[in-house]
Every structure is written in C-alpha cells, then in structure tokens.
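What follows is one chain in structure tokens, specifically the form predicted on its own.
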Amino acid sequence: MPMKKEDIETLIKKSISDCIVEIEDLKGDGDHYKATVISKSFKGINKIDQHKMVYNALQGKMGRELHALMLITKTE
C-alpha cells in the first residue's frame, strides 16, 4: 500500500525536530516521492550521514510502504 506524503513528513519531523520538509509526489501514484529536508542539525555532517538520518526517521518503511524517495538535504 502506498504511503501518504503527509505520513512521510510526519515521520521525518518527529525524528529531526527542527527541520523543514517539502514532499513532492513525482508520479502521482503515492510510491515515488522527492523530499527536501532542511535542518540546522545537518551542519558539519556529510551528505551520506544526513541521508541516513532521514532514512532512519522512516522507521524501516523505505522499500516497503515507500517504494522510491529522491532525497535532498540542506543545512539552514
């Protein structure tokens, strides 16, 4: 079952509390999203670890309920 973009945003915000999240449904199918996550907590952390923080926030749903996620992370 596809995941709602609001659910993705909620999970990320619960884990990275100071973040701003923008979610875009790329194909309109609820399975292919683009997420831009902006957070001060990414400062000094390399991109791979920033992405790991976001994937960890998804609590194992990546590859299951969430099929594809294009991820962009930025510091404020």
Partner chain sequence: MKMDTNTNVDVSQNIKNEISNSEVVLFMKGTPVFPMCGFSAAVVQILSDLGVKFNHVNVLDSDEMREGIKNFSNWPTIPQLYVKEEFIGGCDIVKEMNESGELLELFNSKGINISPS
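Predicted, not measured: the structure shown is a model, and the values here were computed from it. Positions refer to the first chain, counted from 1.
FYI, the form predicted together with the partner chain isn't displayed, but the following is about it.
For a residue to qualify, one of its non-hydrogen atoms must sit within 4.5 Å of the partner chain in the model of the complex; none of Val21, Lys40 and Phe42 qualifies. Contact annotation for Lys13: none of its heavy atoms lies within 4.5 Å of the partner chain in the model of the complex. Shown alone here, Leu71 lies within 4.5 Å of the partner chain in the model of the complex, counting heavy atoms only.
Residues of 10 to 46 are not found to place any heavy atom within 4.5 Å of the partner chain in the model of the complex.
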